[in-house]
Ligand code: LER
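Next up: a single chain in structure tokens, the form predicted alone.
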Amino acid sequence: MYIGISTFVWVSPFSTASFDVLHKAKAIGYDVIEIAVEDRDLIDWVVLKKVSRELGLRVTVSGAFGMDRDISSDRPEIRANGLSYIIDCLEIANDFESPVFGGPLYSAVGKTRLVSAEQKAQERQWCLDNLHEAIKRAEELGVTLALEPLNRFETDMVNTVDQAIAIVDELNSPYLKVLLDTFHNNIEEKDIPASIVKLGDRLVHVQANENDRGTPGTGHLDWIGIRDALRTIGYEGSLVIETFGAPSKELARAASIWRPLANSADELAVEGFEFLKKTFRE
């Protein structure tokens, strides 16, 4: 397994001015840098590719799904914008040889309501229709879409592994699989290792986050159980730390980040890497 870290740990939004975080990640020992694409126009992609390749860092790509990128919205122009964003990110992932593009592909982060069964079914169908279109491009590019369940405080559509499996199995494509974020799983799953085993080869990406989104290894997650479950299913992908050291106002509101999650982003990055290395490699 590869050990990675998200640009979100240090900065939001990630931009050309933030490329120093790649050097930090490499110096700590990370194999992978996960690029969070909040605004693609802020990033000089040519230079980023050059820097990542010179450093020997693998790249994975993750999404930032605000209210204007919601493929299950009741507004067709927002659904179209969400699909366009997903396709743009798939093309970025292909250019950087990222095996996945992941995130809560199905809806906007922070969209939480109690709605009628009829409205929920309609929103789910809009989601399926747009994911079907996104899968076509993913297949052409050879990049896998990684659908991430979020906790109930951040979405009302996909909270559990079972809900994610239902969408993935209904669309039935090898280019749509599941991303597990252990922070969200800790809230929604009764048994995280069992949920990993249930996913089997549907699991394509893991964000290895502590129960409070702080430094991995400092909370109460069953990391040994998670490790053993990943070994059971033969998982060979990345383990990426994704937390938020300096969230934007929009991101802080969507993810409910109101306090520092560690003494510093650098400390979290160093100590998190050492913990994941010791737990998953030794």
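Note that this is a predicted model, so its numbers are computed, not measured. Residue numbers here begin at 1 and follow the sequence given.
This protein has a second form, the form predicted together with the ligand, left out of what is shown; the following refers to that one.
K.L.:
Can you tell me which of 25-33, 40-48, 232-240, 250-258 lies within 4.5 Å of the ligand in the predicted bound form, counting heavy atoms only?
P.N.:
Selected range: 250-258.
K.L.:
Just to be sure I understand the contacts: of I86, V204, L131, V109, which is the one whose heavy atoms reach within 4.5 angstroms of the ligand in the predicted bound form?
P.N.:
Exactly one residue meets the criterion: V109.
K.L.:
Using heavy atoms only and a 4.5 Å cut-off, determine which of I71, V100, L150, V178 is in contact with the ligand in the predicted bound form.
P.N.:
Only one listed residue qualifies here, and that residue is L150.
K.L.:
Although the partner isn't part of this model, could you tell me whether E154 comes within 4.5 Å of the ligand in the predicted bound form, counting any heavy atom of the residue?
P.N.:
Yes - in the predicted bound form, heavy atoms of E154 and the ligand come within 4.5 Å of each other.
K.L.:
Since only the chain is shown here, I'm wondering whether F244 would be in contact with the ligand in the predicted bound form (any heavy atom pair within 4.5 Å).
P.N.:
Close contact exists here: in the predicted bound form, F244 approaches the ligand to within 4.5 Å, heavy atoms only.
K.L.:
Since the partner is left out here, which residues of 87-104 would have a heavy atom within 4.5 Å of the ligand in the predicted bound form?
P.N.:
Counting only heavy atoms within 4.5 Å of the ligand in the predicted bound form, the single contacting residue of 87-104 is P104.
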